[in-house]
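First, one chain by itself in structure tokens, the form predicted alone.
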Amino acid sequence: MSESPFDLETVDRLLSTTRSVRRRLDYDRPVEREVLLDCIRLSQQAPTATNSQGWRWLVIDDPAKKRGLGDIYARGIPLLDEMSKSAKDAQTAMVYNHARDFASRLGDVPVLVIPCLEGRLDADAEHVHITSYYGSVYQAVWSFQLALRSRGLGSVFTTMHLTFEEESRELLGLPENVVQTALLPVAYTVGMDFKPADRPAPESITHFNDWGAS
């Protein structure tokens, strides 16, 4: 293996400890717009399909709009309750329960960030177009979340408010051709000592050349 130009220990720690943070967000510490712009600037280097670069970012720090989004988001709590009941294991059920508790406080998070795309897909869009469309922005979103983590901030990738997409669009004054792709609550974290999650061995989920081959 050739020598890496990066400090792999630091990079691996960043990649293995960046995940949804709900219970350790600092609700009282403001998040500077300059920090958010730095993270968005880094996200712009993410690869995109056909070099389209159609992502746009809506940053909400207005208290009234955050409360409004929080009210919309909280309407999805019954859905979380149902998902918790059907969880396949205790860890998944715990995640849903934490998400439920978090939903009631979403409007209190210092900043809510919504990654968007300009231009809607046709209703009968083919699978290849759908994957390219959303795949482009989600790579930028992940870069944004990694950049946040490296600066001491946490985030949550969530889409539950899109159950009520039209209402949130009206609240935020978004044009019809702008598509919301996620909602990321952002705040500084209480501490930075996050650990890797328990995941299955890569050999158990990887196939080489043929499905079923290991």
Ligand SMILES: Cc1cc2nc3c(=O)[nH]c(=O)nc-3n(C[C@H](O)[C@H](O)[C@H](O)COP(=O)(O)O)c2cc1C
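Keep in mind it's a predicted model, so treat the numbers as computed, not measured. Each residue number is its position in the shown sequence, starting from 1.
We do not show the form predicted together with the ligand, though everything after this point is about it.
Trainee: Can you pick the stretch from 54 to 62, 150 to 158, 171 to 179, 32 to 40 whose heavy atoms fall within 4.5 Å of the ligand in the model of the complex?
Mentor: Single hit among the candidates: 150 to 158.
Trainee: Which residue, Val141, Ala99, Cys116, Val111, is the contact with the ligand in the model of the complex, using a 4.5 Å heavy atom cutoff?
Mentor: Flagged contact: Ala99.
Trainee: Is there a heavy atom of Arg24 no more than 4.5 Å from a heavy atom of the ligand in the model of the complex?
Mentor: Looking in the model of the complex, residue contacts with the ligand do not include Arg24, since no heavy atom lies within 4.5 Å.
Trainee: Using 4.5 Å between non-hydrogen atoms, is Arg19 touching the ligand in the model of the complex?
Mentor: Yes, contact at 4.5 Å.
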